[in-house]
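A single chain, nothing else alongside it, follows as C-alpha coordinates in the form predicted on its own.
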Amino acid sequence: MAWLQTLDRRWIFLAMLLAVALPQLLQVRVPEKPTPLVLNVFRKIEELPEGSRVLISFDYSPSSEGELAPMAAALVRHCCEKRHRMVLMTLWPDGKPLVERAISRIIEGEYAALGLQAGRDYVNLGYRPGKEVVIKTIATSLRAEFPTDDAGTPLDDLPLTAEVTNLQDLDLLISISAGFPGLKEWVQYASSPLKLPLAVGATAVQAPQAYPYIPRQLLGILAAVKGAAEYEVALGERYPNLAIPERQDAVRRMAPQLWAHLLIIALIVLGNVAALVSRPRGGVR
(Lines give C-alpha, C1' and ligand atoms only; values in the text may rest on other atoms or scores of the structure.)
Protein backbone atom coordinates (compact mmCIF):
# COMPACT_ATOMS: atom_id res chain seq x y z
CA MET A 1 0.00 0.00 0.00
CA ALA A 2 3.06 2.26 -0.01
CA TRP A 3 2.24 3.37 -3.54
CA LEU A 4 -0.80 5.23 -2.23
CA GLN A 5 1.40 7.58 -0.23
CA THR A 6 3.30 8.63 -3.34
CA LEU A 7 0.35 8.59 -5.75
CA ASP A 8 0.27 11.70 -7.94
CA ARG A 9 -2.92 13.60 -7.09
CA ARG A 10 -3.58 14.09 -10.77
CA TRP A 11 -4.64 10.43 -10.96
CA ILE A 12 -7.28 11.17 -8.35
CA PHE A 13 -8.49 14.16 -10.37
CA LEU A 14 -8.67 11.95 -13.45
CA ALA A 15 -10.62 9.29 -11.55
CA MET A 16 -13.11 11.91 -10.36
CA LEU A 17 -13.47 13.23 -13.91
CA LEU A 18 -14.26 9.74 -15.19
CA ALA A 19 -16.67 9.07 -12.31
CA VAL A 20 -18.66 12.16 -13.25
CA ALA A 21 -18.31 12.08 -17.03
CA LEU A 22 -18.85 8.41 -17.86
CA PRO A 23 -22.38 8.12 -16.35
CA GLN A 24 -23.32 11.23 -18.32
CA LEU A 25 -21.85 9.95 -21.59
CA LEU A 26 -23.33 6.49 -21.13
CA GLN A 27 -26.68 7.95 -19.96
CA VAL A 28 -26.69 5.82 -16.83
CA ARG A 29 -29.84 6.16 -14.75
CA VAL A 30 -30.10 5.40 -11.03
CA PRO A 31 -33.50 4.03 -9.90
CA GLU A 32 -35.27 6.52 -7.65
CA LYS A 33 -38.18 5.92 -5.30
CA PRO A 34 -40.02 9.01 -4.04
CA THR A 35 -39.86 9.34 -0.26
CA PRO A 36 -42.86 10.38 1.90
CA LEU A 37 -41.66 13.99 2.34
CA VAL A 38 -41.46 14.43 -1.43
CA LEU A 39 -44.76 12.64 -2.02
CA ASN A 40 -46.46 14.95 0.49
CA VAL A 41 -45.62 17.90 -1.76
CA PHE A 42 -46.57 16.03 -4.92
CA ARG A 43 -49.93 14.89 -3.52
CA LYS A 44 -50.79 18.35 -2.25
CA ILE A 45 -50.35 19.91 -5.69
CA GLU A 46 -52.07 16.94 -7.32
CA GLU A 47 -55.10 17.08 -5.03
CA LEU A 48 -55.71 20.82 -5.26
CA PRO A 49 -58.68 21.63 -7.51
CA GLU A 50 -57.85 22.86 -10.98
CA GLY A 51 -57.32 26.62 -10.99
CA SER A 52 -56.03 26.83 -7.43
CA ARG A 53 -53.71 29.72 -6.64
CA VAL A 54 -50.13 28.60 -5.91
CA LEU A 55 -47.35 30.99 -4.90
CA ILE A 56 -43.81 29.92 -5.85
CA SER A 57 -40.96 32.01 -4.47
CA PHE A 58 -37.57 31.54 -6.15
CA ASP A 59 -35.42 32.31 -3.12
CA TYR A 60 -32.03 31.49 -4.57
CA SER A 61 -29.35 32.81 -6.89
CA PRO A 62 -27.62 31.36 -9.98
CA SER A 63 -24.88 29.94 -7.72
CA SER A 64 -27.44 27.41 -6.36
CA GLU A 65 -29.10 26.75 -9.69
CA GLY A 66 -27.45 23.34 -10.07
CA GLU A 67 -29.33 22.02 -7.04
CA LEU A 68 -32.53 24.02 -7.17
CA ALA A 69 -33.34 24.69 -10.82
CA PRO A 70 -34.47 21.08 -11.50
CA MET A 71 -36.95 21.14 -8.61
CA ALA A 72 -38.20 24.60 -9.59
CA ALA A 73 -38.82 23.32 -13.11
CA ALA A 74 -40.58 20.19 -11.84
CA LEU A 75 -42.88 22.19 -9.56
CA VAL A 76 -43.78 24.66 -12.32
CA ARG A 77 -44.44 21.78 -14.73
CA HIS A 78 -46.72 20.11 -12.21
CA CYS A 79 -48.71 23.30 -11.73
CA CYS A 80 -49.03 23.65 -15.50
CA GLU A 81 -50.26 20.06 -15.84
CA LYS A 82 -52.89 20.69 -13.17
CA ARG A 83 -53.77 24.11 -14.64
CA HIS A 84 -53.12 25.80 -11.32
CA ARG A 85 -52.69 29.56 -11.42
CA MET A 86 -49.20 30.57 -10.34
CA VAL A 87 -48.02 33.67 -8.52
CA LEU A 88 -44.24 33.83 -9.04
CA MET A 89 -41.84 36.00 -7.05
CA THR A 90 -38.39 36.12 -5.47
CA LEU A 91 -36.89 37.51 -2.27
CA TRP A 92 -33.41 37.57 -3.82
CA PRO A 93 -32.34 40.34 -6.24
CA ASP A 94 -30.46 37.91 -8.49
CA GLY A 95 -33.41 35.51 -8.44
CA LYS A 96 -35.43 37.65 -10.83
CA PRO A 97 -33.83 36.23 -14.02
CA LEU A 98 -34.54 32.74 -12.71
CA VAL A 99 -38.25 33.51 -12.49
CA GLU A 100 -38.21 34.94 -16.00
CA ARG A 101 -36.37 31.88 -17.30
CA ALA A 102 -38.94 29.51 -15.80
CA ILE A 103 -41.70 31.50 -17.48
CA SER A 104 -40.06 31.64 -20.90
CA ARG A 105 -38.76 28.07 -20.98
CA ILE A 106 -41.58 26.18 -19.30
CA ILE A 107 -44.83 28.14 -19.14
CA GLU A 108 -44.46 29.91 -22.49
CA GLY A 109 -42.20 27.27 -24.05
CA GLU A 110 -42.97 23.68 -23.09
CA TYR A 111 -46.62 24.43 -22.33
CA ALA A 112 -47.28 26.90 -25.14
CA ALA A 113 -50.01 24.59 -26.47
CA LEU A 114 -52.07 25.22 -23.33
CA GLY A 115 -52.29 28.90 -24.15
CA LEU A 116 -51.47 30.03 -20.63
CA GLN A 117 -51.80 33.79 -20.38
CA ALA A 118 -49.88 36.23 -18.23
CA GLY A 119 -52.18 37.87 -15.71
CA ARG A 120 -54.79 35.15 -15.96
CA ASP A 121 -52.89 31.88 -15.51
CA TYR A 122 -49.67 33.20 -14.00
CA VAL A 123 -48.35 36.47 -12.61
CA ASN A 124 -44.72 37.47 -12.23
CA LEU A 125 -44.42 39.76 -9.22
CA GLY A 126 -40.66 39.99 -9.61
CA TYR A 127 -38.40 41.14 -6.78
CA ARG A 128 -38.91 43.58 -3.93
CA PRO A 129 -36.16 44.51 -1.43
CA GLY A 130 -36.79 43.96 2.25
CA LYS A 131 -36.02 40.28 2.77
CA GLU A 132 -38.26 38.80 5.50
CA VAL A 133 -40.15 42.09 5.81
CA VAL A 134 -41.67 41.38 2.40
CA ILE A 135 -43.22 38.17 3.75
CA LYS A 136 -44.52 39.91 6.86
CA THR A 137 -46.12 42.62 4.72
CA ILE A 138 -47.79 40.44 2.09
CA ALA A 139 -49.15 38.24 4.86
CA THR A 140 -51.66 41.04 5.46
CA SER A 141 -51.49 43.12 2.27
CA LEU A 142 -50.09 41.92 -1.04
CA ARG A 143 -50.42 45.34 -2.66
CA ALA A 144 -48.41 47.05 0.07
CA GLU A 145 -45.33 45.38 -1.43
CA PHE A 146 -46.52 44.55 -4.94
CA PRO A 147 -48.96 47.18 -6.21
CA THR A 148 -48.13 46.01 -9.75
CA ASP A 149 -46.67 42.95 -11.39
CA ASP A 150 -43.11 42.99 -12.71
CA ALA A 151 -44.29 44.56 -15.98
CA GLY A 152 -45.98 47.45 -14.17
CA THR A 153 -49.59 46.33 -14.55
CA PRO A 154 -51.71 47.01 -11.43
CA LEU A 155 -52.72 43.80 -9.65
CA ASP A 156 -56.34 44.96 -9.68
CA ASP A 157 -56.25 44.77 -13.49
CA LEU A 158 -55.06 41.16 -13.57
CA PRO A 159 -57.72 38.42 -13.32
CA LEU A 160 -55.49 36.20 -11.19
CA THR A 161 -54.70 38.77 -8.51
CA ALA A 162 -57.77 40.99 -8.66
CA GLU A 163 -59.35 39.12 -5.75
CA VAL A 164 -56.12 38.30 -3.88
CA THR A 165 -55.74 40.52 -0.83
CA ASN A 166 -52.97 38.70 1.01
CA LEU A 167 -51.32 35.31 1.42
CA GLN A 168 -54.43 33.88 3.02
CA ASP A 169 -56.18 34.04 -0.36
CA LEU A 170 -53.69 31.55 -1.81
CA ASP A 171 -54.08 27.78 -1.68
CA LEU A 172 -50.42 26.79 -1.35
CA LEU A 173 -47.08 28.48 -0.69
CA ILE A 174 -43.81 27.10 -2.05
CA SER A 175 -40.34 28.42 -1.27
CA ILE A 176 -37.38 27.14 -3.27
CA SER A 177 -34.67 28.22 -0.88
CA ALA A 178 -30.89 28.46 -0.74
CA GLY A 179 -30.53 30.48 2.46
CA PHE A 180 -31.65 33.78 3.93
CA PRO A 181 -34.30 34.88 3.28
CA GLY A 182 -35.92 31.59 2.47
CA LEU A 183 -37.71 28.62 3.96
CA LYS A 184 -37.15 29.57 7.61
CA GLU A 185 -38.61 33.05 7.11
CA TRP A 186 -41.62 31.65 5.21
CA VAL A 187 -42.25 29.38 8.18
CA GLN A 188 -41.84 32.15 10.75
CA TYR A 189 -43.92 34.84 9.05
CA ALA A 190 -46.40 32.95 6.87
CA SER A 191 -46.92 29.26 7.58
CA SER A 192 -46.73 29.31 11.36
CA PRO A 193 -48.78 32.44 12.26
CA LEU A 194 -51.31 32.11 9.44
CA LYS A 195 -51.60 28.29 9.41
CA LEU A 196 -51.02 28.23 5.66
CA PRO A 197 -49.86 25.11 3.78
CA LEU A 198 -46.17 25.50 2.91
CA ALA A 199 -43.85 23.25 0.92
CA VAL A 200 -40.16 23.91 0.39
CA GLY A 201 -37.29 22.92 -1.80
CA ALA A 202 -33.84 23.41 -0.33
CA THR A 203 -30.15 22.88 -0.91
CA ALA A 204 -28.47 19.97 0.85
CA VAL A 205 -26.85 22.39 3.30
CA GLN A 206 -30.10 24.10 4.28
CA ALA A 207 -32.42 21.08 4.25
CA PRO A 208 -31.64 20.02 7.87
CA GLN A 209 -33.08 23.35 9.06
CA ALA A 210 -36.46 22.36 7.65
CA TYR A 211 -36.97 18.98 9.29
CA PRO A 212 -37.95 20.30 12.75
CA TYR A 213 -40.88 22.11 11.12
CA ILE A 214 -42.39 18.93 9.66
CA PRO A 215 -45.29 18.17 9.76
CA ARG A 216 -46.88 21.14 11.54
CA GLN A 217 -45.41 24.11 9.66
CA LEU A 218 -44.19 22.25 6.56
CA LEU A 219 -46.10 19.61 4.66
CA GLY A 220 -43.00 18.32 2.86
CA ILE A 221 -39.58 19.10 1.44
CA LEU A 222 -37.55 18.48 -1.70
CA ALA A 223 -33.96 18.22 -0.48
CA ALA A 224 -31.29 19.03 -3.07
CA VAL A 225 -30.91 17.14 -6.36
CA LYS A 226 -32.05 13.90 -4.68
CA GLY A 227 -35.41 15.41 -3.75
CA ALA A 228 -35.78 16.92 -7.21
CA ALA A 229 -35.06 13.55 -8.82
CA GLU A 230 -37.67 11.85 -6.65
CA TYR A 231 -40.22 14.49 -7.61
CA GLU A 232 -39.41 14.05 -11.30
CA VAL A 233 -39.99 10.30 -10.95
CA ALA A 234 -43.35 10.88 -9.26
CA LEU A 235 -44.29 13.29 -12.05
CA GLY A 236 -43.24 10.83 -14.73
CA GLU A 237 -45.34 8.06 -13.20
CA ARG A 238 -48.42 10.28 -13.18
CA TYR A 239 -47.76 12.12 -16.46
CA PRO A 240 -45.96 9.91 -19.04
CA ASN A 241 -45.13 12.96 -21.20
CA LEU A 242 -42.78 14.06 -18.41
CA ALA A 243 -40.99 10.70 -18.13
CA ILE A 244 -38.40 11.65 -20.75
CA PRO A 245 -34.74 12.65 -20.26
CA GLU A 246 -35.42 16.24 -21.33
CA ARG A 247 -37.88 16.60 -18.44
CA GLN A 248 -35.83 14.71 -15.84
CA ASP A 249 -32.70 16.77 -15.39
CA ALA A 250 -32.28 15.83 -11.73
CA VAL A 251 -32.59 12.10 -12.45
CA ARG A 252 -29.85 12.48 -15.04
CA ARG A 253 -27.57 14.09 -12.45
CA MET A 254 -27.98 11.39 -9.81
CA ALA A 255 -25.69 8.78 -11.43
CA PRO A 256 -22.64 11.10 -11.60
CA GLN A 257 -23.31 12.17 -8.03
CA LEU A 258 -23.56 8.54 -6.87
CA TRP A 259 -20.33 7.44 -8.56
CA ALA A 260 -18.46 10.52 -7.33
CA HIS A 261 -19.55 9.79 -3.76
CA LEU A 262 -18.54 6.13 -4.08
CA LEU A 263 -15.12 7.18 -5.34
CA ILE A 264 -14.64 9.56 -2.42
CA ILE A 265 -15.63 6.84 0.06
CA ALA A 266 -13.23 4.39 -1.59
CA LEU A 267 -10.37 6.90 -1.43
CA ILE A 268 -11.05 7.59 2.25
CA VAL A 269 -11.04 3.87 3.04
CA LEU A 270 -7.86 3.26 1.04
CA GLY A 271 -6.15 6.23 2.64
CA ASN A 272 -6.90 4.98 6.13
CA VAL A 273 -5.82 1.43 5.29
CA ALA A 274 -2.55 2.77 3.88
CA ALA A 275 -1.97 4.82 7.03
CA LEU A 276 -2.58 1.80 9.26
CA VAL A 277 -0.30 -0.46 7.22
CA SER A 278 2.55 2.05 7.22
CA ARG A 279 2.27 2.74 10.96
CA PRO A 280 5.38 1.55 12.85
CA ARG A 281 4.86 -1.63 14.90
CA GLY A 282 5.26 -1.46 18.68
CA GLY A 283 5.13 1.59 20.89
CA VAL A 284 8.17 3.44 19.49
CA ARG A 285 7.45 5.80 16.62
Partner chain sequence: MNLLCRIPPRRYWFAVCLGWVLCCCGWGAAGAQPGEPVPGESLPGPPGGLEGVDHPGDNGTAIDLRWSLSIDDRAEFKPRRVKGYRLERRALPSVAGGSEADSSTDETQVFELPYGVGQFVDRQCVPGRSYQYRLWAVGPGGESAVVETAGPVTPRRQWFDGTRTGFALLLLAICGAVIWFTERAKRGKSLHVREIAALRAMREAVGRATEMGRPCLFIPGIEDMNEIATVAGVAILSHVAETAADYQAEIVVPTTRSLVMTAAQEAVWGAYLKADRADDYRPDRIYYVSDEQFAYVAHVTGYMVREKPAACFYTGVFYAESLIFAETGNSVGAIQIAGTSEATQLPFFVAGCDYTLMGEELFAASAYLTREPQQLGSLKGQDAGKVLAVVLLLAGCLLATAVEVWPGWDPPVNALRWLTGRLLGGG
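Not measured: the values here are computed from a predicted model. Positions refer to the first chain, counted from 1.
Here the subject shifts to the form predicted together with the partner chain, a form of this protein not shown in this document.
Taken together, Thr165, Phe180 and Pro193 are fully in contact with the partner chain in the predicted bound form: each brings a heavy atom within 4.5 Å. Proximity of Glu132 to the partner chain in the predicted bound form falls within the 4.5 Å heavy atom cutoff. Contact check for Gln27: no non-hydrogen atom falls within 4.5 Å of the partner chain in the predicted bound form. Taking the partner from elsewhere, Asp169 is found to have a heavy atom lying within 4.5 Å of the partner chain in the predicted bound form.
Using a 4.5 Å cutoff between non-hydrogen atoms, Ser175 does not count as a contact of the partner chain in the predicted bound form.
Taking the partner chain as it sits in the predicted bound form, the stretch 54-69 comes within 4.5 angstroms of it through a non-hydrogen atom at just one residue, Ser63.
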